[in-house]
Every structure is written in structure tokens, then in C-alpha cells.
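Quick setup: one chain, the form predicted on its own, written in C-alpha cells, and binding and motion questions come after.
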Amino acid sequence: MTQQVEEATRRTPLNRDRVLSAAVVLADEAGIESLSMRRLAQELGVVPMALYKHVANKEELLDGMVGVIVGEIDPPVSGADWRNAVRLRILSARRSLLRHPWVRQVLESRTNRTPAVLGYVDSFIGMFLAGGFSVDLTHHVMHALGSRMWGFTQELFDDSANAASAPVTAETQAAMFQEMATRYPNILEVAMAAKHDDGSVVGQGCDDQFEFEFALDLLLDGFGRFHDQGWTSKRAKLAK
């Protein structure tokens, strides 16, 4: 920012939206670990106490930041069938999380269900109900989707945990592969099957976007078959 822009920004009256927007920008640029009320106040050019007029504490700040991101997710597509509506909504949520990598960690840490989160879940359920799904099937569908409705899921072959590790020598890697081949041959065979993809979004490994959409499509196809069959859970049948 130029000095004039910075001064103009500092003179802008502080409100909740501005606090939350600044917090999102700070988390995007510096990481969620760097976010504190004091650091945010410095970015806004105010004293920390000024923030507490708009957010009661850091937990409320984080809840509000999640609300900002939820607001970026596209609403259900009007006129689309349930499958396309759900698929497009989930992929929109995924794009938001990829723009803001810290959101996953914050979502997983939330204990409160804020109006923004509840509104998203409610409208998400509504896409299935509007598509003719029974309440019973929709209940189990939501369990199956889990965090995928937010655009992420825990991957089995997740190399992100090793991304920051120190590089290993060719000899060490060869020894690791040999041990894997001896002790866990099936894991090694499947894991190595992805190494051919040099154009992967995560380097030489799985294309995480493809894997996400592959699993999503499997789920949606399964949901559709159960819906067409008029599937009912055993518990629901017993309750009748």
C-alpha cells in the first residue's frame, strides 16, 4: 500500500465487517497461527481494545471469519437437478478452501454452530430434500458426505505431512522402499501407482483435485441409486 492508501484505510470507521475481512486477509497472508487480536489491531491501525467492540474474543473472531468464507460459496444453482446442484456447491466450497488454506483447520476446531454454518448445512440438506430424497436417506447421505460438503476430506495417501520434511538421499529412499516392499507390499504397490503423474497438482503424486472429484462422484452415484430404489434404513423401517 502507498502511504496515502494506508492512511485512508486507517481513517475508515471500524466495524465488524472490516474487522473480519482484515482477519481473513491476515490469515491468508501470514497463516492462521499468526493471527492474534494484537496483530490484527496493528494491521487495522487501532488499539486491541477497539476490536472487542465488534468481536467478543478470538473464538468469535474465528467464527466470524468462517462466516465470511461461507459467504463466498456459491448458492445452489437454480433449476439444476439435485446431483448437479450438490456437485457444483461442493466444488465451489472446495475452491474457497483452496483460496484460504487455513479454513479447514478452523472448521475442524469449531465447537459452536454459528448461523452462517447452520444456514449452509440447512441449505445443503435442502438440495437433497428438493430432489425428492426422503428425510431418512438424507440423514445417512449427510453422514456419508461428512467434511466433503465443505470441500475437503482426509486423504489416505496424504503427502502434505511430509512436505516440510528434510529431503532424503537416494540411498535412504531406496532403503525405505525396500523395507516397505518387504513389510507392506500392498500399500507400496498402490502408493507407487500414482508416481507416474508428473503433472500432478501436488508434484509427483496423486492429483488431489481428481481424487476428490472421483470420490465425490462415486458417492453421488450411490446416493442416486439408493434414491431411485426407494431405499429405507432398517431403523426407519422398524419405526413404522
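Small disclaimer: the values here were computed from a predicted structure and weren't measured. Residue numbers here begin at 1 and follow the sequence given.
One more form of this protein, predicted in complex with the DNA, exists but is not displayed; see below.
Chemist: Among the candidate residues 46, 191, 215, 30, which is the single one with a non-hydrogen atom no more than 4.5 Å from the DNA in the model of the complex?
Modeler: Contact residue from the list: 46.
Chemist: If you check 173, 57, 186, 182 against the DNA in the model of the complex, which one has a heavy atom within 4.5 Å?
Modeler: In short, 57.
Chemist: Counting any heavy atom within 4.5 Å as contact, can you tell me which stretch out of 174-182, 66-74, 207-215, 34-42 lines the DNA in the model of the complex?
Modeler: Flagged stretch: 34-42.
Chemist: May I ask you to state whether residue 219 is within 4.5 Å of the DNA in the model of the complex, using heavy atom distances?
Modeler: Outside the cut-off, so no.
Chemist: Closest heavy atom of residue 25 to the DNA in the model of the complex, within 4.5 Å or not?
Modeler: Contact check for residue 25: no, nothing within 4.5 Å of the DNA in the model of the complex.
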